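Okay, here we've got a single chain as structure tokens, the form predicted alone, with questions on binding and movement later.
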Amino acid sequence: MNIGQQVLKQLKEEITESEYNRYIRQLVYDAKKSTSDLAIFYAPNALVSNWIQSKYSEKMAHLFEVNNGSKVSIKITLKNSTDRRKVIKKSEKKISHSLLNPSHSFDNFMVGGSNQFAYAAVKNVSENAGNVYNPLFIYGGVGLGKTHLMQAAGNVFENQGKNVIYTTVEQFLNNFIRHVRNKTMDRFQEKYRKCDVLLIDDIQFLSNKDSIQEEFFHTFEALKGDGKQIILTADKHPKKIGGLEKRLQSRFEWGLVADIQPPELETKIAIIKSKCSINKVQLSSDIINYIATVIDNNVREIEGILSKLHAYSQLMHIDIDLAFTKNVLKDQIQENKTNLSLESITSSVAKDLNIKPSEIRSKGRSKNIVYARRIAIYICRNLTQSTMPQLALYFGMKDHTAISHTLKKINSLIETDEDFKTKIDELTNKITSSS
């Protein structure tokens, strides 16, 4: 078994069986063309290739390092594609410790109200390394684009000829432990303290790890003192990371802290259209709008959905329409529904429309209460497994026929009132994003 096969076998143990069977098992490792710093895998199509590259390349690179102690870049390509990688003489090749994904760029990052500030900050830093916002700390939920932005800056820095290190805290910790065991800490410090740019993902995992916090503090001080750029990402604001030394917390706030929020509906739609264009998948506007509404706040999920639709369409020889899309994604949607309750949905609708949840469930007939009640009933019907009798009981209505009448009225409004439809879509998006 070669190292590529070994890595895929180990990856199988760390992901779900369905994802492994659907995507990873289709990979073929090219032992002949792979080198000490580049691992080449072949995928059956561009969608699978792009999806694995974006979701698992970092994990695969880490497994290579665990197995042979060396950093490699992962390349997921197509069997018949031309490898345009430039051949550089070993003596002329610049040593790079980064695992940057070349597909992450500012050009293909979809900017919206939820991420505009973070985008502008990272773009500015990429043009003025070490001079503004140092360190730059980006925080937000999973799959919102933190890594994409960080690596986009890293690719700009590399093109400028800078020595860039991109790593996760997990990889940083594993590297630290290995050098401690081998009594080669001088090499570890030389590597991390002499780079031009240090990019570290998931800094929250430094929490409660005293020895690595100590080492990272000195690395931070050395780089900052030399005017080198530091960019960090985390899932929360530095102040909210428990188990973090106060001196580190304060230094993370020295430069600029920027957050990325879950994308609004319009941004999700733009992202899906962009991904469709990149992957050459044609979807109608009603399908795109549907996907944007049902996916949660993890926009990384879009690649998986497009791959799934494409694979089902090819295997079943069926064109992708709205009914087909709903059927293919029903399990995924059902999983999202289990996380929602009538109470949470009603509270979200009430908060957005500035009324009390109790008013929505009351028999009040004022215009704003009826409006809010209709929206809450419609969203509860679509996002939960509640039956119409259960909805009638919860909303204090006579019986299921009253709910049925209300739903018919809502569907009629959706068809004729664009503002009402937009409000339904916006609230559905907010509720599914926060679940």
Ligand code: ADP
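All values derive from a computational prediction rather than experimental measurement. Numbers follow the displayed sequence, beginning with 1.
One more form of this protein exists, namely the form predicted together with the named molecule; it is left out here, but the text below deals with it.
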### Message
Exactly one residue in 124, 163, 108, 347 has a non-hydrogen atom within 4.5 Å of the named molecule in the predicted bound form; which is it?
### Response
108
### Message
Under a 4.5 angstroms heavy atom criterion, identify the one residue in 304, 143, 262, 135 near the named molecule in the predicted bound form.
### Response
143
### Query
Okay, which stretch from 249-257, 236-244, 283-291, 144-152 lines the named molecule in the predicted bound form, with non-hydrogen atoms inside 4.5 Å?
144-152
### Query
Hey, in the predicted bound form, does residue 115 get a heavy atom within 4.5 angstroms of the named molecule?
yes
### Query
Do residue 271 and the named molecule share at least one heavy atom pair within 4.5 Å in the predicted bound form?
yes
### Query
Does the named molecule get within 4.5 angstroms of any non-hydrogen atom of residue 300 in the predicted bound form?
yes
### Query
Taking the shortest heavy atom distance, is residue 228 within 4.5 Å of the named molecule in the predicted bound form?
no
